[in-house]
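Below, in structure tokens: the form predicted alone, a single chain.
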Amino acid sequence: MKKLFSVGETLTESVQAHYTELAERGEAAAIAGAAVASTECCSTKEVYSSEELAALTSGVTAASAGCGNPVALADLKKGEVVLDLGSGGGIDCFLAARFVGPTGRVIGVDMTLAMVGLARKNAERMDAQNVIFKMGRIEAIPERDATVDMVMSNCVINLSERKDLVFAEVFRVLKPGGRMVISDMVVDRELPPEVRADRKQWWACVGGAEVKADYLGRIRDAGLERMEVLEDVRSMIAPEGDWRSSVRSITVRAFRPV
């Protein structure tokens, strides 16, 4: 991929720097007991119900940067093992933990050290004993083969330059019959080059968004089946023909074959 940002700065480094700032915002909110903050991608109040938000701390909600609510569509069961790719401050992990219960386990993986640190502090504050957080890349998930019942992700895979590797890793860690439920940003048509080269659009989960058909094709190519688009909504209000009108938030479910 072409160099998008300043000399010596990779895409990964730029994204990590931005999400480090978001983690610092979350920690500041936890200390101050601040109200829920809007994020670059979607408003947390729009994505989650008031009941869900009431069960979380300000340190969790202020660091949220999702575009959907995969937990609400995951049909989680007691005792399941759940893996969250790009777990951030832990919002979806803590929501999932309520469903899997003390006999289940939720694992969050994030590549930004500050986010992992914030999530671990949030887990202590919430006494979430069935949730753990690990440093790692979603292109090389730090979990063993066929050990996870459900993989989720919320507006993170678009940030990867190797989405094919991400879905291959999802297939690898899922148990036979296990499922993936992910929310992410896609587009109806190719974005203009200047949008893809804009670091702020990458941070906003738009610059790395792939054409929907190509994105779904990668999921099929990874070997996942019974794929279903559970939600598909326009994310930006713009006139037809404007590139913003093609940006969509989707939630997809697919299964590893038995």
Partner chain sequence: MKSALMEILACPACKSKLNLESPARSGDDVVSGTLRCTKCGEAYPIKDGIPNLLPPEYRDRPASSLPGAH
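Computed from a predicted structure; not experimentally measured. Residue numbers count along the first chain shown, from 1.
The same protein also exists as the form predicted in complex with its partner chain; that form is not shown, yet it is the one meant from here on.
- The three residues V15, R125 and K200 each lack any heavy atom within 4.5 Å of its partner chain in the predicted complex.
- For K212, no non-hydrogen atom is located within 4.5 Å of its partner chain in the predicted complex, even though that partner is not displayed.
- When contacts are judged by a 4.5 Å heavy atom cut-off, G79 does not count as touching its partner chain in the predicted complex.
- Contact annotation for A140: at least one heavy atom lies within 4.5 Å of its partner chain in the predicted complex.
- Among residues of the shown chain, I107 is one whose heavy atoms approach its partner chain to within 4.5 Å in the predicted complex.
- Of the candidate stretches 184 to 192, 126 to 134, 91 to 99, 71 to 79, only 126 to 134 has residues with heavy atoms within 4.5 Å of its partner chain in the predicted complex.
- Contacts of stretch 179 to 218 with its partner chain in the predicted complex, defined by any heavy atom lying within 4.5 Å, are made by R218 alone.
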